[in-house]
Every structure is written in C-alpha cells, then in structure tokens.
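Before any questions on binding or motion, here is one chain by itself as structure tokens, the form predicted alone.
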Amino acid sequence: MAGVELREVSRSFGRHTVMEGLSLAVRDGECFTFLGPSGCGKTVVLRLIAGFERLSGGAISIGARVVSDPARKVHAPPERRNVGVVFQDYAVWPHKTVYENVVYPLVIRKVAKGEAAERAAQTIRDVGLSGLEARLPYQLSGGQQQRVALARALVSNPEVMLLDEPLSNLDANLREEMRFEIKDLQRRTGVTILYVTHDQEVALAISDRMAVLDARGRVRQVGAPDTIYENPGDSFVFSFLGVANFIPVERRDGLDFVRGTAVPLALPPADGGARPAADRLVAGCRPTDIALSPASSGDAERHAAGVLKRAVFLGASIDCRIDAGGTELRVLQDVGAAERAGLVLREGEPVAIRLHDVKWFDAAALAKEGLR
C-alpha cells in the first residue's frame, strides 16, 4: 500500500480556477475524507489523483512515485497508477455477472486464468457476495451493486482506493450499513482510502482523518473527526459539520443577553475562565447543547428567554424552533428524557434556555463567511 502527497496542486479550466495551492499528505493505510459543499472541487481532486485529469500546477506522488508534475512533464496514465476507483453511480456492467464484473480488470491485465479466478473469488468473499457470483446487476440490490463496484476496484490489489460519493444513491439504512462495510474493508485489507463526500455523518463515521474544504476549494481544517468536531478551526467548519446555532451576545451588568434585546441567556463559563476579547461576540452551539424548560410563571420576564414557535416529533427526539429576541434557535429534545422530567412543551409557550456548551466566534468573521 502507499500514501498520497499533494504539493501545491492547482487545476484550472480556462479562466475558471477550481483549486490553487492545495497541499496535504495522506498516510499509508488510512481512510482520508475530503468533505465539502457541492462544487468545491472534491471530485476534481480524486480525478487528478487517478490521472483522469491533468494538473495545471504542482505535483502528486503515490508512495515514492511522482505520478503528476507538469513542470517536469510527468503524467502517468490511470492504468499505471495502481489505484482503484469506485464511482457514485457504481458503473457496473449490466450485461456481466457479478463474477464477470469483478474478474474483468484481471482479464485486461492478462493475469493467468487460474490466478484471476482465485483472486476474483476471494475478493467476492471479502465483500460479502458469496453465492451471488452468477447474478446480473439488475438482480441485485443497490448495496449489493455497490459491493460489486468495491470488489472490482479491490481485485487488482491497488495501493490506493478512490471513492467518489459511493453511498449517495442508497437509502438511509443501506448508507449506514455500507459505511461500516467500507471501514471494515479498509481495516482488513490495509488499503489507503481517499473518500469524497458532502455528507458530514459519513465523513465523521469512516475517517481516520479528514480535510474540510470550503466552496472555493480551500482546505479550512485537517484532522481527526472528533478533533475537528469538538474544536472547529473557524465558523465555516463549525457550521458545515452539522446544524449550528449562532447567537449574538452582549454582556450588561454582569448578565448575558441576546444582542440588542432584553432576552437573557444562561451561558456556561468560557474555557480558561475568560472570553475572547472581540467586541462583538457570537455564541455557537449545537441543537443538543441547549436545554429548554417552561418559563417561571411567577417571574416570566426574568427567566423567559424565548418562545417555542414549532415542535416537530422525530421519533426519539423533538425538533424545536425557538424565537429568542428575533434569533431563531434549533433545539433537539430527547423525547424520553423530556417526558420523564415533565418538560414536554407546547407551541407558543415561553421557555427558558440554558446552554451547556458554546464555541465563541467574532461577528465580523461570521459576516465575512455569509453566516450572519
């Protein structure tokens, strides 16, 4: 297996620059995810690594080999890069059986018939398709077709696997099942995986490390999923990794309020006992970081921080929309916990808000990102 290194990678199409100066290193044997919004250049990165696209500048190495470097007139064709590619739409041949689809790359490489049959059979077993070798794609489920695509990419023993949104066409249950299958496959085979997605849940679930890209193709943060989620580098990363509430805050007479209003907020202590020094602070929090309770009927003005505008039952949770002085907040309440505590609230009811955890951002930075 091998790692992948991108050094000052750039790609332009005419006057349109997709990315510029992208540098990062993917370690041998890790599952590395490129996460970003649609149109940010994620798929272009994979196509450059695979050799389907040519660099405008910079260089790409797979292991010890430089496979792309326009300054040195180096561009190894895809078939010489020893990478496997799995596309969003599976791209399995409809007229070939499972076995014929999987063995085909070995036939093209003129691997001996006996060895090709053995490797294809083993790879089919590895992806859990034993007994389905003679079936055609139309006789398979979406998840099984995706396994065929994975097996076909793995059968040639690639150094690197490139996966381009491979789960986006599956239903929710199959997506969850397949993301664990992919992670397990990576652990068993040791293959380096580069995965492209805009789905935050998939990225958080399967990645050893990931890179968060913005709409202009710039890397905003690289790290382990838990590190990035708990310690986002900026407001863009925080907002992209899940539903984010941003509350403009001002402090008056030792109390916190929604800026420009008389709506009080109960905020947790800042890390280290001190808040950032910026004049215009915004508290960022997740829907699960907010606790709701009925406003005290005897002292409603002091304790009521908002009004429950909408409550949607989602099964295990209730999705609440709160109007807090003109700022809308999303809150997720656990149904069981709320019922046990007698905190099932009604729409139109004044509520008290307590925040368990916040990340502090500067209002000017959020405005620059178009988040506020």
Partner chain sequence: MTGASGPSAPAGAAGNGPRFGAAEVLLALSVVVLVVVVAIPVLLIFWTALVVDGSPNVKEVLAILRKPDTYEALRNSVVIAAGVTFFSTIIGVFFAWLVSRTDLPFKETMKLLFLVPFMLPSFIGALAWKMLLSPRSGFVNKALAGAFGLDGPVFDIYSLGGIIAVETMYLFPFVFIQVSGALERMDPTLEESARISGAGLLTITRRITLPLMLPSIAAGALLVALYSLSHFGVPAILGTEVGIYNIPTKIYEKIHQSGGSFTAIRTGTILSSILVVAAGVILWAQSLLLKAGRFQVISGKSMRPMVLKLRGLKVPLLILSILYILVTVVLPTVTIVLVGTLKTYGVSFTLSNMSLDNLKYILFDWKMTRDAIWNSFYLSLGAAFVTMLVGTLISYVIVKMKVRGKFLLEFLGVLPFSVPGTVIALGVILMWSGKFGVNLYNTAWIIFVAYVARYMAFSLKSNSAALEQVHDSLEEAARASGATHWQALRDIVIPLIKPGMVAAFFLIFLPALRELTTSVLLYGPTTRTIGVAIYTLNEDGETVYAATLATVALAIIVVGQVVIKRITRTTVPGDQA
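As the structure is a computational prediction, the values presented were derived from the model and not from experiment. Only the largest set of C-alpha atoms that superpose within 1.5 Å between the two forms is called the rigid core. Positions refer to the first chain, counted from 1.
One more form of this protein should be noted, the form predicted together with its partner chain, which is absent from this view; the next part is about it.
*Asks:* Tell me, please, which stretch of 206-214, 88-96, 285-293, 115-123 lies within 4.5 angstroms of its partner chain in the predicted bound form when heavy atoms are compared?
*Replies:* Of the options given, it is 88-96.
*Asks:* Tell me, which of 248, 223, 143, 105 has a heavy atom within 4.5 angstroms of its partner chain in the predicted bound form?
*Replies:* Looking at 248, 223, 143, 105 one by one, just 105 meets the 4.5 Å heavy-atom criterion.
*Asks:* Ok, 309, 54, 65, 27: which has a heavy atom sitting within 4.5 Å of its partner chain in the predicted bound form?
*Replies:* Comparing distances to its partner chain in the predicted bound form, the residue within 4.5 Å is 54.
*Asks:* Residue 152: heavy atom within 4.5 Å of its partner chain in the predicted bound form?
*Replies:* So residue 152 counts as contacting its partner chain.
*Asks:* Would residue 78 count as touching its partner chain in the predicted bound form under a 4.5 Å heavy atom rule?
*Replies:* Residue 78: yes, in contact with its partner chain in the predicted bound form.
*Asks:* In the predicted bound form, does residue 73 have a heavy atom within 4.5 Å of its partner chain?
*Replies:* The answer is yes: residue 73 has a heavy atom within 4.5 Å of its partner chain.
*Asks:* I'd like to check something about residue 330: if you look in the predicted bound form, is any of its heavy atoms closer than or equal to 4.5 Å to a heavy atom of its partner chain?
*Replies:* Contact with its partner chain, no.
*Asks:* After superposing the rigid core, is the C-alpha displacement of residue 72 2 Å or more between the shown form and the other one?
*Replies:* No, residue 72 moves less than 2 Å.
*Asks:* Aligning on the core only, does the CA of residue 156 end up 2 angstroms or more away between the shown form and the other one?
*Replies:* It does not reach a 2 Å shift.
*Asks:* On a core-based superposition, does residue 96 travel 2 Å or more at its Cα between the shown form and the other one?
*Replies:* Yes, its C-alpha moves 2 Å or more.
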